[in-house]
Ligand code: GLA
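This document starts with one chain, in the form predicted alone, laid out as structure tokens.
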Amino acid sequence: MIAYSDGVFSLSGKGFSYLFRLTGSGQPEHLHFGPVVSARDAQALACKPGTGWGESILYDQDSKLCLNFPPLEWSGSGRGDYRESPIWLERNGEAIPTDFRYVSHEIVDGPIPSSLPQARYGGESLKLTLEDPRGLRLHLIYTVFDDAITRRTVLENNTKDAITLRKLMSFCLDLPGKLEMTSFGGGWAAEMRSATASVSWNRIVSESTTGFSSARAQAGFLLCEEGAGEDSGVVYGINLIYTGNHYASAQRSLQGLNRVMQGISPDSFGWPLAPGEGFETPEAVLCWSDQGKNGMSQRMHRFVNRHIIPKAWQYRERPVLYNSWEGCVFDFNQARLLSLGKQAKDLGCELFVLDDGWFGARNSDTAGLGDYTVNRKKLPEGLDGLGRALNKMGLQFGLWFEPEAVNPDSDLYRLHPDWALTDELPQLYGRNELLLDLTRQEVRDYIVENVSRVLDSAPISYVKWDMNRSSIALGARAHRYILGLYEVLDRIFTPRPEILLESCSSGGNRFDLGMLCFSPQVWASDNTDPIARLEIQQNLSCLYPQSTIGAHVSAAPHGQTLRNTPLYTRGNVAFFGCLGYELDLKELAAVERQEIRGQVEFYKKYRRIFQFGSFRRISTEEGICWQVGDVHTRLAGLYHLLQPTAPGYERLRVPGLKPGKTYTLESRRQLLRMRQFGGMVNHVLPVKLNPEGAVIRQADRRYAMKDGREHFTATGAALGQGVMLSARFTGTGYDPDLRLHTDFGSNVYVIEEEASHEKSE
């Protein structure tokens, strides 16, 4: 996978190559990141500077080398390269130049160990060592996997002077071509909104400064060649295995090279390095595909599932869960929870999660955080009694924690107010809470001891780890907080690999590869409106596999949007993730229970494909289409927004099937509420009824209409170019095959290869 010959390094995965060479002066010069090529092509792939450009500062008079123009793997500062530098050092408060040149290299099997979370399980690594004339030493570390390359840097201060590190990126890379950068940002309940801009001489920056990876700026981003789409064109996917403040930038030079870098945000950052000390960056992940965004996403998904997710949960199916929060909030007791558990089991759920409110004086969000004493008024038999009762029903038991935070109204804060993360200014509160100072060993020990004790006290198989406020820590202190968090997670969950950990931070504030090294799934958003989730989950799918995305069905109208959506659409969207339910089950009508049972049964039948199948986003004339599949089966979700008047014909395109094979396409049967038809029911009833009257209201809770059924066979070739679907409601009557959609309607289709009936000879 990694080879070196005549100054050229060749790194190769499945279907791609990454090449760079050493200049005569010892700088690593980038040559290629793309389709498979040979190291023999190095000279042909290298940029030809000719006579250079008029304002050149010559680094080497003999070779006429100017560092401002060639594509580099790393660049220093103050030596004629005026593009953005990935490194910034100070000595005695003054910026100092850096000039790193090749010294040696080492090729080893597997990843080179890091003190930070990193990609694991296989691969081959290259450590390229560069040195500054003063003795500063820089290691550029590359690890090659089948689907991606990771890069990180380690800086060692081997000088006699103390220095301060202000900026050190995980990688720096100059890529050719006309590129567009797509980044993702937003905020609470509005995560993963995308923004695309052409990379030009105005630098594009995506950065988080909240102390965490944050919903404001997702760490992962895309670089697409102009014209690239979902299924064609060159796309680079880049992400960072880190949970703290991060930074990514892209900027195009006059010569057509795009300097891209990523790492810890330099905003207010300062890390002292005494002689003999070092600093290592988080690991960045780089994927390439010439099969469009879907091709890149599929590579990234495989990489995350194989090399980021903890071993015990790789390709392990996630249970269908019920979470008590929206059904109870803080108002519950053991009897109510067991009643909900019985109903959840009846609907087909496999895991019951007790959310907030089980400890201390936690009857609202104003008190109790930091305490771990079980509230015996609510749970007289404790967590163990509740867990055993749920297990007896056939349900696993899960529990919510928010260990990083503390309420001033708590026993912990009254005992240790100094444990709260503070600065010189008056305290700032978020959701009535402060963060604990995870840079302190005694605080980390307290969290590890108490969470571990609770986990070992009851049959707990799942943990929801929440964190509901941003940090006030700046710079190096913010990074030390993240190092403390990683230590806490490692100490709690490495000895307990069978516990399924789901990370949450006011929804998707910490949806990042750093957390996924510990938690196999992340709660994508507190917004459970399926129409909002279409955007959130679609954009998450660019970088993260479905098995990592927590997706729940909740009550409508939705608390975040007041939008009223059909129950079947809520399920159809949540299928493409880790399915759960979060609503008050006692309020469900009989027809809703019937629909949910059908959803859970369907999801379980195809769960492995939904969670681990190869994912595609499909371009459609109207609506949104997602597809997942394995060798023989494809599942397609087709979603619409507002129902148009007199909708036209609609085709479903299912690419990637075997052209000569025959497939059966069938829609999942879903139930429609009678009241959605209002007074139109009187056109089919023998007597006239008030659509708002008691008879219709009672019938609506007990009886449902079935949506139109789609069922036919077609070849893979026909499905690939698009097959015609049954009509949607056109306002001219009723037919049992019509798709009777209101606004926000949807369908899920199963496309299965027919078994061969050829006789064996």
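Residue numbers here begin at 1 and follow the sequence given. Keep in mind the model is a prediction, meaning the values are calculated, not measured.
There is another form of the same protein, the form predicted in complex with ligand GLA; it is not shown, and what comes next is about it.
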TODO: Verify the flagged residues H32, E225 and D290 against ligand GLA in the predicted complex: is each one within 4.5 Å by a non-hydrogen atom?
DONE: no
Open item on the list: To verify the annotation, which of these, D437, E156, D356, E535, has a non-hydrogen atom within 4.5 Å of ligand GLA in the predicted complex?
Closed with: D356
Task: in the predicted complex, the residue from N468, S667, T129, S410 that sits within 4.5 Å of ligand GLA by heavy atoms - done: N468
- [ ] Specify the contacting stretch among 520 to 528, 140 to 148, 379 to 387, 173 to 181, defined as having any heavy atom within 4.5 Å of ligand GLA in the predicted complex.
- [x] 520 to 528
Open item on the list: Can you work out whether G507 and ligand GLA are in contact in the predicted complex, taking contact to mean some heavy atom pair no more than 4.5 Å apart?
Closed with: yes
Open item on the list: in the predicted complex, does R616 come within 4.5 Å of ligand GLA, counting heavy atoms only?
Closed with: no
Open item on the list: Using a 4.5 angstroms cut-off on non-hydrogen atoms, would K464 count as touching ligand GLA in the predicted complex?
Closed with: yes
Open item on the list: With a cut-off of 4.5 Å between heavy atoms, is R193 one of the residues that contacts ligand GLA in the predicted complex?
Closed with: no
Task: Contact set, 418 to 440 vs ligand GLA in the predicted complex - heavy atom within 4.5 angstroms - done: R431
